[in-house]
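The form predicted alone is given below as one chain in structure tokens.
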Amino acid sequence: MQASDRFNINSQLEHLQAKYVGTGHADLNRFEWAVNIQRDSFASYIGHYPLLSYFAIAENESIGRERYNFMQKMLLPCGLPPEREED
């Protein structure tokens, strides 16, 4: 592998990370990664009507109520963030 190949791969990775927030980066901690995954999942559930109706039937709720519940869960999907240690 040449140096130019490595540069090209790194630039492609940086482009993806800038375009898609959920792809992560070196400074992303475990909590932030989990929040991204949960929010992406809830957004997918809301955006795909058959999946949303499946959840509504499984929980015996209306589709509108399930959509509202998923939107509420997107605010704090993994609870409050952990306290950061100051250096």
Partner chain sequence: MYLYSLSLQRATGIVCATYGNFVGGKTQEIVVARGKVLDILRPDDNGKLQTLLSVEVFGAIRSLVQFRLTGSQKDYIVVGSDSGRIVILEYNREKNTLDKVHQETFGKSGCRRIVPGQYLAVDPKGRAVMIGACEKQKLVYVLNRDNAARLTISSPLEAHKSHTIVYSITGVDCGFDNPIFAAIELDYSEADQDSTGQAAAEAQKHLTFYELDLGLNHVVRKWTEPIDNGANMLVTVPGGGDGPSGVLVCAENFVIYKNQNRPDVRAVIPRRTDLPAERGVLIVSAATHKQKAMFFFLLQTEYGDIFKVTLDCDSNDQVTELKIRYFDTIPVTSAMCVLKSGFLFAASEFGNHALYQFQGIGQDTDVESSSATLMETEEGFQPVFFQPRKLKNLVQIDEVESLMPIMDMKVANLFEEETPQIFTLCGKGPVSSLRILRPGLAVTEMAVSQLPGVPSAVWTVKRSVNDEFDAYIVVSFVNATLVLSIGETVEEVSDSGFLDTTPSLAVSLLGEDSLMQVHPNGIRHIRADGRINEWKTPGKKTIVKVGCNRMQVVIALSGGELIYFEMDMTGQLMEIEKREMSGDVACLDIAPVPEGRQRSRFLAVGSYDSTIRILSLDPDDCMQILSVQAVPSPPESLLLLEVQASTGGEDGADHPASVFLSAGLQNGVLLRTEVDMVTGQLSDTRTRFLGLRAPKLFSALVRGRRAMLCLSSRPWLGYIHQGHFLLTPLSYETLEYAASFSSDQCAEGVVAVAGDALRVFTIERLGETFNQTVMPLRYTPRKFILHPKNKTLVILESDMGALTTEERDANKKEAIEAAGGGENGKMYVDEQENGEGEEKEDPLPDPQYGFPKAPSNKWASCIRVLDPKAGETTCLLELQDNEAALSLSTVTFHDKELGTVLAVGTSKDLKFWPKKESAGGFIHIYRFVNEGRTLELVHKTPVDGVPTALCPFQGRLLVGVGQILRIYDLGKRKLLRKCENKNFPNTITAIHTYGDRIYVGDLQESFHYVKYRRDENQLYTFADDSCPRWLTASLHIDFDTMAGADKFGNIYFMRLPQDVSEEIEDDPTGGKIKWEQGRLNGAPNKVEEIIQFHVGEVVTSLQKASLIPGGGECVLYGTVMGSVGALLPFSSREDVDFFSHLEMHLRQENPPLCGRDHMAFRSAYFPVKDVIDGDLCEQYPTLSTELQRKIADELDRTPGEILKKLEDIRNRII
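Please read these numbers as outputs of a predicted model, since none were measured by experiment. Residue numbers count along the first chain shown, from 1.
Another form exists, predicted together with its partner chain; not displayed. Remarks below refer to it.
Using a 4.5 angstroms limit between non-hydrogen atoms, residue 27 is distant from its partner chain in the model of the complex.
The closest heavy atom approach of residue 18 to its partner chain in the model of the complex falls within 4.5 Å. Contact check for residue 13: every heavy atom lies farther than 4.5 Å from its partner chain in the model of the complex. Residue contact check for residue 75: one or more of its heavy atoms lie within 4.5 Å of its partner chain in the model of the complex. Contacts with its partner chain in the model of the complex, taken as any heavy atom within 4.5 Å, map within 38 to 66 to 39, 40, 43, 44, 46, 47, 48, 49, 50, 51, 53, 54, 55, 56, 57, 58, 59, 60, 61, 62, 63, 64, 65.
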